[in-house]
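As structure tokens, one chain now follows by itself in the form predicted alone.
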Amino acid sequence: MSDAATGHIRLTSHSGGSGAPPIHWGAPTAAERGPVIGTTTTRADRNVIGTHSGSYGVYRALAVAAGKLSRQHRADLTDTTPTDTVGPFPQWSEPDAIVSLDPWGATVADVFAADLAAGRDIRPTIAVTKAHVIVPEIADAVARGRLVPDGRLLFPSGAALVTKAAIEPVWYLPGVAQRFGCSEADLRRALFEETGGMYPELVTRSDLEVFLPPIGGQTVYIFGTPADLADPRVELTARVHDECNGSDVFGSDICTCRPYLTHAIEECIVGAQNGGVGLVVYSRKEGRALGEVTKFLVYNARKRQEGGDTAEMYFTRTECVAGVQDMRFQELMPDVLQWLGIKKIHRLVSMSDMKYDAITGSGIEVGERVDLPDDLIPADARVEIDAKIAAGYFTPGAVPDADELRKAKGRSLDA
């Protein structure tokens, strides 16, 4: 019999173990802050709501249920330490600066070595490594002479050397509530009810202030020297990009997501080669955080509506299906920039007013804003870009008027 089928069920709505280490969010050192323990091997040590790995925790449950993974498995962290040092920076000890990730999450093996040696099962929530990224558009830019391989940052094959970090979400609930202008009690209740009651501690354990939500995280790609990100004297080219599987991976032309992503990568490489540093942050917020099913339903509604696919109805059709235009809510987005110690973005490769407002609102200075060149906008994506510019997205050019917005520019479903 597998260990998945033995033992009694442990409810989570009662008091936890008295030996669980406390978490003092925003403390100046890792030791004072305390470890984030979301593992299930020793439940008495748990000091958060939820478990590690975000949505992948469900796959862990499948592995346990299928008898493929022991409940008692502990990660061997030998040789897993970051390839590059990030921080600590002053923002790490400012309770309001970072509320959606654990700034100490990459250094668990070092800063909590004593706790690990004592048998506590503490897992990293951030991993930092190095890699080559190969993007066809970058290879094409090399072939066309727009990019010149230097053998250090960019190779003749079009491969670019990057430092990359994977980050799991770690939410400090009082801080998240403050960002969204609601009470912590209302936030906890909404999280509990909208996840179908998956986490009773949200409403029964007010002493637990940290939540590991079952959502996707984000990946950071750094072109150049990571330490330069925190130096405002070094020119930083950056894009914060929200996931779009259809475009980013499969090249769907109904939106500008992949063209903007690859354009940003090219700009980051050029910036790094010119003595600066480049940064792309990729966040898993598929379909404006509405999900891909909702996004495809909206596509159908846009293409079938009377009058065709127009910019005038772009946001309306989304709201008809989803009840809201956009659920990305960029309030938490700047946290990753604060984790990297960023004080100034010299060139922000984004037209989004929501991202710009969130970044500058967090105290980070933004210099030049880089829009998407017209020749990179797919014909079917003209609807999207016109609607966004009319709604307030940055553009150095003309803003479409009402007549222009009423023109059907998107293809029909069978075209």
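When you see a residue number, it is the position in the sequence shown, counting from 1. This one's a predicted model, so the numbers in the text were calculated from it and none came from an experiment.
This next part talks about the form predicted together with another copy of the chain, which is not shown.
Although the partner is absent here, residue 57 lies within 4.5 Å of another copy of the chain in the predicted complex, judged by heavy atoms. Using a 4.5 Å cutoff between non-hydrogen atoms, residue 99 does not count as a contact of another copy of the chain in the predicted complex. Taking the partner from elsewhere, residue 35 is found to have every heavy atom lying beyond 4.5 Å of another copy of the chain in the predicted complex. Although the partner is absent here, residue 164 lies within 4.5 Å of another copy of the chain in the predicted complex, judged by heavy atoms. Partner contacts here mean any heavy atom within 4.5 Å of another copy of the chain in the predicted complex, and among 49-57, 22-30, 383-391, 359-367 they occur only in 49-57.
This chain appears without its partner; in the predicted complex, the one residue of 116, 290, 270, 230 with a heavy atom within 4.5 Å of another copy of the chain is 290. Proximity to another copy of the chain in the predicted complex, defined as a heavy atom within 4.5 Å, holds among 225, 80, 206, 274 only for 80. Contacts with another copy of the chain in the predicted complex, taken as any heavy atom within 4.5 Å, map within 287-309 to 289, 290, 291, 292, 293, 294, 296, 297, 299, 300, 301, 304, 305.
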